[in-house]
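Provided below as structure tokens are two forms of one protein chain, presented individually as structure 1 and structure 2.
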Structure 1
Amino acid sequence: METYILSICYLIGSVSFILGLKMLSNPATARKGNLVSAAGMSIAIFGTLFFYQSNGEHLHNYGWIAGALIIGTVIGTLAARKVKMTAMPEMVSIFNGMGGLCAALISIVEFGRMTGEPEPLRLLVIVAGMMIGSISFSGSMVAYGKLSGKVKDHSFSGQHIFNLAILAVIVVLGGFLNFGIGLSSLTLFYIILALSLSYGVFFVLPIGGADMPVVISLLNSFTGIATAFGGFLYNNPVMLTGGILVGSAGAILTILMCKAMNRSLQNVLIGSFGGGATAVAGDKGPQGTYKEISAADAAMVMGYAHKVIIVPGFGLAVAQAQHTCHELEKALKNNGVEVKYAIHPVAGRMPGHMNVLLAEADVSYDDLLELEPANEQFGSTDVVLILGANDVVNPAAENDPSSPIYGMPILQVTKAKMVIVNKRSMRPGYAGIENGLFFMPNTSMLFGDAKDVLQQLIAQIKEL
């Protein structure tokens, strides 16, 4: 009877993950999707604690399990409540890394428990889970350091070959371990573990800032795959389903983002894009002179425009100005202005960063334009207001072959009649390169904190 109850709990958990993921595809149901998935996971945990049996016996270490659950819940809740939207990418990296670490630890524990002649398939799953989980953990920690500014991009001559060599050695040693060739199993296992952790570091270390959203998505996929291996080891359908969903969704998102950035997935896997020798393009210095515009003049132009498109970027998140931006949108619409938002696939520092930011401010999903639809509408737009975005509107991606972002599709804001760029200063964006857009004839710079500037614009527009 208890086995049937546990199976039902796992079934509910698996179905809730599928439904939750489906609901996450729409901003209107995303919050509910999170709750549905969390409820399913809670039911699965409850079922495991009280109905799981091994060799006819229930779990006996309730104290350790309960203690770990309580500690993890408290830390996770406090972190989620206190994290700023600007630090959300770093938090995602840490949580993803912890998932990879858990998957790797499962493999380590299960390898230590093996006795006698191991089953080849089981051993293969253990080794693969350890390798992928370790790469995800160390890579996510480096990604956290890069996103928080504590770790700088670093590469050396021949690093691509070096990365491939490490990966090849890991695969070869994994084959030796599975076929019982070479060193003792325990020694070989820990050598593979050390190499996997090293590869995660060297894989992420050279990747430039503009490409970090792709890396986060890929590492998230790795964690899902490693978790699925853990579900296979324990014959746990909830872990298996959750891991497969995360792994496949992350892989699909990675491919879509690579396409959006005109990157090769092969290059992502060997860590050979972003940064590197061509990243010195930002050292060329200013490309001309720029002109400034006052908040009053900007408000006048926008208030009497027929169509305005807002391009949100990381600067908007830094200023926590998403709600103020929504107020500006409403003020413009009250003046009869058509207002849309142009969202680049890698705007911000993680996949969907700007979508989450604007959803928090209750911006209508119908007003969000993806890359291609936005580019089609810029030609009929009177004013484009850029709030803290930089690399995703940089013309160098289209006209400078020496630029590290060359070939990346951008928001073609120069098609609009007028472009207003809000920045704190003329410093380069996250990719560290100069932006020629700022020096173009139809571009004006509006310096200042995004929230303060938006408040000034709102006040001026209401007086029109």
Structure 2
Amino acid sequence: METYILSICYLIGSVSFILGLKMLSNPATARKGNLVSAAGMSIAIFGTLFFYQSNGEHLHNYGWIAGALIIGTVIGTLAARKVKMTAMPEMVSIFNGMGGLCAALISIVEFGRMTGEPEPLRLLVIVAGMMIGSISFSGSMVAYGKLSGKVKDHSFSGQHIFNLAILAVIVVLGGFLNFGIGLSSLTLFYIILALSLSYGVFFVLPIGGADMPVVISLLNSFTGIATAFGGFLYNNPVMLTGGILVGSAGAILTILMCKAMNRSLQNVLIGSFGGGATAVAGDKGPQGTYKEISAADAAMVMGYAHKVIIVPGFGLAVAQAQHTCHELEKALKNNGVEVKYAIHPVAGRMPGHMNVLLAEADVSYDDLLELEPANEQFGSTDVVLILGANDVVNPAAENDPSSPIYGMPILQVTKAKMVIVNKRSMRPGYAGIENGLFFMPNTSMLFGDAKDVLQQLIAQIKEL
């Protein structure tokens, strides 16, 4: 009887994941969708706790399990509640790494429990879960480090070949382990674990910080696959559906993101911004002269313009300036200026990052323009205000075939009559590429922290 109830719990869980994901893909139902998945998850977890039986025996060690659940819930809730909106991508990366670590730990324990002749391919499932889980764990930790600026890009020549070699060794050792060739299986298992962990590190390290969203999405998909291996291991349908759903959804999301940058996944992973690409960009060095504009002048031009388009980038997130930005928008609108936001699909550190930030500041959906409509409107725009965006407005993507971002669709801000760029300094953007836009005749630089600059602009505009 209890087994029947458990099956129903898992069925409800699986259906709620599918429904939840479906609802998450529509703005109107997204929040409910998240709750639906969370409810399904709770049902699956509590079902396992109370009804799971193996060989007619219930689970034991309830004290330990409850303790761990409580600790995890408290830390998880606090971390997720306290994190600043701007640090969201890092947080997602950490949580993803935790999932990977969990998969790896399960495999380690299951490997230790194996006695005698295992069922065919059971070992393979365990090793695969361990490999993918640990790659996802160490990779996510590096991605977290990069996003929060704690880890810099590292690469050495031949790193891709080195990485492929590690991967090949992992696969070969996995084969040895499965067919009982060579060293004792315990030694082999831990060598594979160590290699997988380091592969995760070497895999993410050379990839430029600007590509981290793609990497996180890919690692998210990896953890999904590791979860699915867990589903195979325990013959557990809800782990299987959940894992594979996320695995395939994550893979598609990764491809969508690559498409937004007009690059292939291979190009992101191998022809990374970090390595040779920076060297190419570095050769050119700073070029030409740029002109500065004062906040007062900038306020003047914007206050008397007909139409202003704001292009937000990661600089806006760093400065926590989304609310101030919305105030500027209101001040301009009070002056009768038409204000829109142009959102590049990969602006910020995650796709949709800017949308989340601006939504937090109550900016209306209708004022957000996606790439194509924005590019159509720049021609009729008087002033474009760029707030801490760089690579997504770099004309090199359109006219310099040697540039590492060549081919990426950009916001064609140069079509506007005037471009005002707010940056903290002349340093190149996250991808480490010089931006010719700053040296164009109709571009003016407005240096300073985005929030300070916006406040000055608001004060000046209100006086007009």
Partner chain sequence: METLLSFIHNNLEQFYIVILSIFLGIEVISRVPSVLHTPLMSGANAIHGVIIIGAIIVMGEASTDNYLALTLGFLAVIVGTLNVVGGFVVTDRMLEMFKTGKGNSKKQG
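Counting starts at 1 and follows the sequence of structure 1. In this text, all values refer to a predicted model and were calculated from it rather than measured experimentally. Just so we're on the same page, rigid core means the largest C-alpha set that superposes within 1.5 Å between forms.
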| query | finding |
| --- | --- |
| Form selected (criterion: the form predicted on its own) | 1 |
| Shift of residue 34 between the two structures at or above 2 Å (CA, core fit) | no |
| CA of residue 16, rigid core aligned, shift of 2 Å or more between the two structures | no |
| Residue 374 C-alpha moves between the two structures by 2 Å or more, core aligned | yes |
| Core-referenced Cα shift (Å), residue 459, between the two structures | 8.0 |
| Rigid-core-superposed Cα shift at residue 341 between the two structures, Å | 4.5 |
| Core superposition result - C-alpha of residue 440, shift between the two structures, Å | 3.0 |
